[in-house]
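Okay, here we've got a single chain as structure tokens, the form predicted alone, with questions on binding and movement later.
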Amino acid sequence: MKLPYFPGCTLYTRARGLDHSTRAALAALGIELEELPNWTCCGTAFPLAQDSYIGMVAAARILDSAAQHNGRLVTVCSFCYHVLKRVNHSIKNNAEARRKLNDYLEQGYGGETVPVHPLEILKHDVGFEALRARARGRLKGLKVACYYGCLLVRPAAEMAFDDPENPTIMEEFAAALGVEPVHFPYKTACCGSYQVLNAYDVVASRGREILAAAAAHGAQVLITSCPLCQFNLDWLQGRGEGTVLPALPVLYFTQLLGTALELPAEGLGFESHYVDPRPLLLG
């Protein structure tokens, strides 16, 4: 299966491990990601003002480009998925947004592209039972906290990803790999996001709560899909300011998948982590 793929800016810089592990793991499962040509940044944040259509232009262009290739567009970054999904929803359901964006871009896009997350592909295309057979229980016994953050699940009507208060798709994924998903109360809480740039104390406080809760419920690692969540929670511990002892590795879920599929560790991006997960996963 070949699917159009939008990596987004961060996956070419700080979050290369997410990009590399996503491509490698899906390829091992028979899914080839074909990077969109001439893509640009999606805009990073969905505009808060309802009539700020200029803030949707970049995402609309990406969605239109994908429509010409397949019909589905894979993106793994939580920020990119959030923006593309919400802009697509606006184009499909808001006649003014659709008209103004198409007038500006000189295109006739009507929301035909379906943005999809790799977790959805793993569940609906690969199948968790098939994934269980491929993983062969290599990581059996590992206790994993599944951290969604806020962008994958909210707003629920527009994202339509999973239950906004108690999503389970990542726990289902983890169980299919043979690990033990750990339920903890902060799995959909915001980590503070880009406030790390100007309100570090807020992000540090949120990060400590999330990490401490995961550890208190027995987690040995935490997995996420968001580059900024991964950075904030990992970097906080790298600064020696986490409250978890021993430190809790923060992985992308695709890195855990790649490890379960026995892909070469050097291609999964572990070297960039502040808390090195390799002794736990590979030792």
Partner chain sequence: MAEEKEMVSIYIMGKQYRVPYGVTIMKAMEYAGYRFIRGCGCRGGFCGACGTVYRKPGDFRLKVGLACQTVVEDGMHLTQIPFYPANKATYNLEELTPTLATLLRHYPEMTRCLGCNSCTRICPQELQVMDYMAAAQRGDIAKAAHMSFDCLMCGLCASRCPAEIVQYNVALLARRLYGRHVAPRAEHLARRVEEIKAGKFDAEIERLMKMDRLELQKLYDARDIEP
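Residue numbers count along the first chain shown, from 1. Bear in mind that the values here come from a model prediction, so they are computed numbers and not experimental data.
There is also a form predicted together with its partner chain; it is not shown, and the following applies to it.
Q: Please check if Ile54 has a heavy atom lying within 4.5 Å of any heavy atom of its partner chain in the predicted complex.
A: The answer is yes: Ile54 has a heavy atom within 4.5 Å of its partner chain.
Q: May I ask you to check whether Ala58 falls inside a 4.5 Å heavy atom distance of its partner chain in the predicted complex?
A: Ala58 belongs to the contact set for its partner chain.
Q: Does Ala28 reach its partner chain in the predicted complex, with heavy atoms at most 4.5 Å apart?
A: Heavy-atom contact with its partner chain at 4.5 Å: absent for Ala28.
Q: My question is simply whether Ala45 lines the interface with its partner chain in the predicted complex - judged by any non-hydrogen atom within 4.5 Å.
A: Output for Ala45 is no: heavy atoms all beyond 4.5 Å of its partner chain.
Q: Which of 35-43, 233-241, 219-227, 251-259 has heavy atoms within 4.5 Å of its partner chain in the predicted complex?
A: That would be stretch 35-43.
Q: What residues, if any, in 4-25 have a non-hydrogen atom within 4.5 angstroms of its partner chain in the predicted complex?
A: Cys9, Tyr12, Thr13 sit within 4.5 Å of the partner.
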